[in-house]
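The chain below stands alone and is given as C-alpha cells, in the form predicted on its own.
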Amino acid sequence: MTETELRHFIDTVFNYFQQLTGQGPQMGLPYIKNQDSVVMDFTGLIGISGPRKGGIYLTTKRDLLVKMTQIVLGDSSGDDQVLLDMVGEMANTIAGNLQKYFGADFQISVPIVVSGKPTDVSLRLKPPSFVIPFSWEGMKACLVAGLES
C-alpha cells in the first residue's frame, strides 16, 4: 500500500467521525502490523475484491460503540447485538467511502461482526497490513487494512 493510499484510509476515518459527530478523532501514527492480534471488544470485518484484494477491519472498545449508538441510533442500551450492528455499519460505511478513492471496482463484502477475540473467523490480512490507531473522545479504536497491490 502506498503512502497516498494509506492517507485515504486516514482521511476516510477522520471524515466519518467528523460528519457524524462534529468532532474528528485524534489519529495515531500508522504502523505495519506484526503477528500480534489487534482486536478489541468489537470488530467489523470487510472483505475487498476486484483489482485490489484483501480486507479491512475496524476494531474498537465497547465505550466508543455505546457512544456512537447513542449519537447515530438514539440507543443507549449498550446491548451487544446493537453494538455488533453498529461496528458492522461503521466498517461498511468506511469501506464504502473508500470507493471514491479506489474506484467502482473496489468491491466490498457484507460485514462480518464479532465480539471479543474471534474463534471462528480469521482476521489475517495479506501482509503487509497497516494498523491505523485513533481515539475519539478519549476512546480507542483501530482500522486495520491489508490490500494486495
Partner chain sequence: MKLLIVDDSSIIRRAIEKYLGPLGLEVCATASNGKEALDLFQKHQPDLVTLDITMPFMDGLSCLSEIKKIKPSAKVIVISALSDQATGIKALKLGAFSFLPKPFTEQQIVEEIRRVLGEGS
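Nothing here was measured: the structure is a model prediction, and the numbers come from that model. Residue numbers count along the first chain shown, from 1.
Below, we turn to the form predicted in complex with the partner chain, even though it does not appear here.
Taken together, the three residues 96, 99 and 110 all come within 4.5 Å of the partner chain in the predicted bound form, as judged by their closest heavy atom. Under a 4.5 angstroms non-hydrogen atom cutoff, the partner chain in the predicted bound form has residue 20 among its neighbouring residues. Although the partner is absent here, residue 82 is a contact residue: one of its heavy atoms lies within 4.5 angstroms of the partner chain in the predicted bound form. Shown alone here, residue 16 lies within 4.5 Å of the partner chain in the predicted bound form, counting heavy atoms only.
Under a 4.5 angstroms non-hydrogen atom cutoff, the partner chain in the predicted bound form lacks residue 41 among its neighbouring residues.
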